[in-house]
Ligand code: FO1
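Only one chain is given next, in structure tokens, and it is the form predicted alone.
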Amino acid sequence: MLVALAGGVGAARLLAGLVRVVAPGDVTAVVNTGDDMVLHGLHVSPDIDTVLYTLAGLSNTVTGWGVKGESWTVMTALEALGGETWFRLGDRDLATHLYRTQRLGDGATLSEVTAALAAARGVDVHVLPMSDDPVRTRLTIAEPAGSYPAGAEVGFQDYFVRLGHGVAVRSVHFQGAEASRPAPGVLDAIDSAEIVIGCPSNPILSLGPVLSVPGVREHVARRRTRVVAVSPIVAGAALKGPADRLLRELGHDASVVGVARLYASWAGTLVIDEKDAALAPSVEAEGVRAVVAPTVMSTSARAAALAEAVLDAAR
């Protein structure tokens, strides 16, 4: 049994690689929900949907988010009315959010809705939200951006989409984390897993919220010798998104060494890319075993090869 701590596109790609080399039913993905938001009255869970769409073979590889073969009738009509369209939701994607919102309104939990969506799409991986309770990533920006003054606190999607994650950040916190509980099955899955995988996700904005839920970090840390994380930083840069800039802005080293330093309390092994092979001794000086392998998942075959490398590192 494998547990993957997951958030965003990098995690979805690694999970797609994993299910090519192990039985999907043996994999549990604990997914970040700090990015969730309510928009147009609808509950949107971007990371959960990215994972589900990818595992179902529905992901839009052109945009990097949403559903392939998407149409935009609703957004076009909304724009003509002067409505908010800065966060674009395609027509097929909207069906997911409509279903989720209706089920939540009827009293279902986010875990129950996620399981139903997975079953409807033929996804056998056990996809769990990190919590059924609301936890929201909030960022304090260090400079004026758009209509926001310096020092304003903004939600994740405002930072990432509305502002194009191009503004410097002063601090990050996870609103509601202290009062939240892990979703049913999360801690049991971590405790019983043969291997726990830290996916190549943003350390601050994707894995940070998952680890902020009370009990999760502690239970992962207990399995530290069986935890293998994959660095999202390659040769000092993020392959996608603002992870490298954000690490620097918050006072961390934007390198595999900096990632090792952040993960040392809960991950015993860090898989780093071949481009960072020379830094393996520095990674190990942080108390984390370094394993060098190709980590750029530019094809499905390379994602499967990385998954094999992660499993070999744990074994």
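The first residue of the shown sequence is 1; numbering continues from there. These figures come from a predicted structure and were not determined experimentally.
Same protein, other form: the form predicted together with the named molecule, not shown, and the subject of what follows.
- Look at 89-97, 119-127, 219-227, 175-183: in the predicted complex, residues with non-hydrogen atoms within 4.5 angstroms of the named molecule sit in 89-97.
- Among L262, L279, A56, V44, the residue placing a heavy atom within 4.5 Å of the named molecule in the predicted complex is V44.
- Q157 is the sole member of T109, S212, T101, Q157 with a non-hydrogen atom within 4.5 Å of the named molecule in the predicted complex.
- In the predicted complex, at least one heavy atom of V161 sits within 4.5 Å of a heavy atom of the named molecule.
- Residues are counted as partner-facing when one of their heavy atoms sits within 4.5 Å of the named molecule in the predicted complex; in 61-82 only W65 qualifies.
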